[in-house]
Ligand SMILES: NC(=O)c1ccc[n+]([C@@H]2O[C@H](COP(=O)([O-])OP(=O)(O)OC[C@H]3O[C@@H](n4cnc5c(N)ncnc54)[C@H](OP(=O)(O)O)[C@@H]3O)[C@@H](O)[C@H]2O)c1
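Only one chain is shown below, in structure tokens, and it's the form predicted on its own.
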């Protein structure tokens, strides 16, 4: 095992679970953060059964106090924070004319405010140590427009530009921030969609690879950025989308 410690938000299911497990398999101790305790404990058991080290911390990423407690736990119990993966996110499909302020705020609170609060806590520690990596999970919807997803697209576009700005800022003291922009991946979130042949056909027509990705395909890229990428790579967003954003 290495001495490195990673904090992964939204680690209880889907892409977050896959990312946490892949990072743990590389010998990194992982702090699993999320609102729901039970899914985090499932991820913890999977990591530990594979010989890894995982700690669970129930966290509301929209709360500055909760996020501060998350990082304090990582430092006091595991010795520090070397990696942050901002994966916590929510989505919603509502046409703009029907979109109320509460739904807009719900999406931005998690996808943007949560990323900001976690990155600020990590950055303060990275500045002290002169090293550190953050990987933000954006979305291909942050690179493209999609009808009915104005709030979600705007929030993920904010992730992309936040990554550019902070990547340049952190480079001055030796830390890096990059992002991934996943397209469609087969997870529990879209299980209903995948069972609808007509809806799936519409989705697949937009993807040159003509399939959804598997969670491990995204996890591998995140782990590379978090642990293995050169220090000279920062502020960038890598689309992992089967070519969807290229056409």
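No experiment lies behind these values; they were computed from the predicted model shown. Numbering follows the first chain given and starts at 1.
Just so it is clear, the following notes concern the form predicted together with this ligand, a form of the same protein that is not shown.
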In contact with this ligand in the predicted bound form (heavy atoms, 4.5 Å), from 45-53, 58-66, 23-31, 201-209, is stretch 58-66
Could you work out which of 135, 122, 175, 138 is the residue within 4.5 angstroms of this ligand in the predicted bound form, going by heavy atoms? 138
Even though this ligand is not shown here, does residue 90 get within 4.5 Å of it in the predicted bound form, heavy atoms only? yes
In the predicted bound form, is there a heavy atom of this ligand that lies within 4.5 Å of any heavy atom of residue 15, even though the partner is absent here? yes
Residue 195: heavy atom within 4.5 Å of this ligand in the predicted bound form? no
Is residue 190 one of the residues lying within 4.5 Å of this ligand in the predicted bound form, judged by heavy atom distances? yes
Residues 110, 152 and 185 are flagged as a possible site; in the predicted bound form, is every one of them within 4.5 Å of this ligand by some non-hydrogen atom? yes
